[in-house]
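Here you get one chain, nothing else, as structure tokens; it is the form predicted on its own.
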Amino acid sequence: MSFDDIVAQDIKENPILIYMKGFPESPMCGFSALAVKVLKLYDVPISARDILGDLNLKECVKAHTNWPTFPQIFIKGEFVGGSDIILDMHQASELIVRRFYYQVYLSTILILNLKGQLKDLLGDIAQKHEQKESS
């Protein structure tokens, strides 16, 4: 698999991806640390690749985005930019809107699941009640 293929696969498979110096748990530069800090405010899973360990990967990512600096952040397959842009988006509340829709989506799934469980539970009770009245 080529580095171009790796980058394309990373972007496709990870809703939030950071090519950064270090890892989210241990950033190796202030800009990478800032990007992780802002994204963690939204309590979303962050996927990352450390570009310090592989110069070929680093150069491939730069060529893919035509962006010279790191970190490089992708959200839902779209290149967003670096830490300064993600901070500006946060401060302008654009990310808050995206988080709201993500939470609505998760809440809808939870509600539908709970309704299904409640229906099953109430269905059992209704059947038992009908059986008692019949006897």
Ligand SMILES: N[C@@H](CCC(=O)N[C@@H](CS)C(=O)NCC(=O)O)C(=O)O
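All residue numbers refer to positions in the sequence shown, first residue = 1. All values derive from a computational prediction rather than experimental measurement.
The form predicted in complex with this ligand exists for this protein as well; it is not shown, and the discussion that follows is about that form.
Within 4.5 Å of some heavy atom of this ligand in the predicted complex lies at least one heavy atom of Pro71. Although the partner is absent here, Leu57 lies well away from this ligand in the predicted complex, with no heavy atom inside 4.5 Å. Interface membership of Phe31, defined by any non-hydrogen atom within 4.5 Å of this ligand in the predicted complex, is confirmed.
Interface membership of Gly82, defined by any non-hydrogen atom within 4.5 Å of this ligand in the predicted complex, is confirmed.
This chain is displayed alone, yet in the predicted complex one of Lys37, Arg49, His90, Lys62 has a heavy atom within 4.5 Å of this ligand; that residue is Lys62.
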